[in-house]
Ligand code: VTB
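Single chain ahead, written as structure tokens, the form predicted on its own.
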Amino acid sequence: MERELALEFARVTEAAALAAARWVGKGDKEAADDAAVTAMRVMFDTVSVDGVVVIGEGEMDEAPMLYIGERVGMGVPPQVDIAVDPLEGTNIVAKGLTGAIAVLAVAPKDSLLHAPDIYMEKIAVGPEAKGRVHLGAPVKENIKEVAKSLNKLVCEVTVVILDRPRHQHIIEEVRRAGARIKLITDGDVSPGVAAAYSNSGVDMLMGIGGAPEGVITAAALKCIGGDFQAKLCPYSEVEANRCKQMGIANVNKVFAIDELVKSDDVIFVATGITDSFLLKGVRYDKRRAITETLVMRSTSGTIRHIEANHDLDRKPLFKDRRIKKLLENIN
């Protein structure tokens, strides 16, 4: 993929973040998500790709846009798989908390695992610990390996875990091992990617979260040289059959990062909506909005942090009739 595409995709996540940011703290997660989805879909029409959404807002009968199988872009080469989460952290935005981002990953056609919208067990680490952890290994052993790789004491290692009852046993094991824990309410893409940043305050992510978010996290870590392993967690026969329908015959398989993201040509882009481990959220200054976007390409290893200052009165996005309709009730 041409490197210029990375900046085109940055405009896509910026649009979603700017639209969703209007809803921060207003208690309406559905409206915030609708705004982000619509804005992202509007901007995809301007991108020079022939894309298919392989991870999105659900099936065609569940989502009006950015559904799995929808074609996006201008319909010109290259042909690409696109994984999107226009608003990762709907509850976060509704409550005005930290950790919400607009995010996408892009790779050549047939490169991204078509993950069903079910749970996935995950472990994410940075480049130093690549190849040294395993999803099936005891929690204590994985933490020891991360500590060694980072030249830290175990008591200095920080593990991020979603604050859910299903994770109580992991939390107890991490505490017994002696490591630090940061519990998060929602949104595990940001801390999963942050595990690859030495100054992020995150050393590893563990636990069960959404499978689509897992593939997106794997794409980011592929760009930055980190490591990610995952196993699908179907909780019913219906979910198990859904996996098989999407080509995943063995639902107990532990996927390595190169099986989740097969290509070495990957673009990952995320824009902050509220402050997170990775990015600052949208900030307003009079009639302008400031965004911070992370753009990564695996082929070059380049990591860009783009700060953009948007004139809200002149931005074409907010003149689109679909966006204006969504925002007219909150001004």
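Nothing here was measured: the structure is a model prediction, and the numbers come from that model. Numbering starts at 1 and follows the sequence shown.
Not pictured, yet referred to below: the form predicted in complex with the ligand.
Looking at 238-246, 153-161, 180-188, 137-145, the stretch with residues near the ligand in the model of the complex, meaning non-hydrogen atoms within 4.5 angstroms, turns out to be 180-188. Taking a 4.5 Å heavy atom cutoff to the ligand in the model of the complex, the contact residue among G73, G209, P116, G126 is G209. Of the residues R166, R175, K109, K253, just one reaches the ligand in the model of the complex with a heavy atom at 4.5 Å or closer; this is R166. Using a 4.5 angstroms heavy atom cutoff to the ligand in the model of the complex, none of G56, D81 and K262 count as contacting. Proximity of D203 to the ligand in the model of the complex: non-hydrogen atoms within 4.5 Å are absent; the residue sits far from the partner. Among heavy atoms of K222, none comes within 4.5 Å of the ligand in the model of the complex. Residue contact check for E213: one or more of its heavy atoms lie within 4.5 Å of the ligand in the model of the complex.
For G192, no non-hydrogen atom is located within 4.5 Å of the ligand in the model of the complex, even though that partner is not displayed. Along 71-110, residues E88, G89 each place a heavy atom within 4.5 Å of the ligand in the model of the complex.
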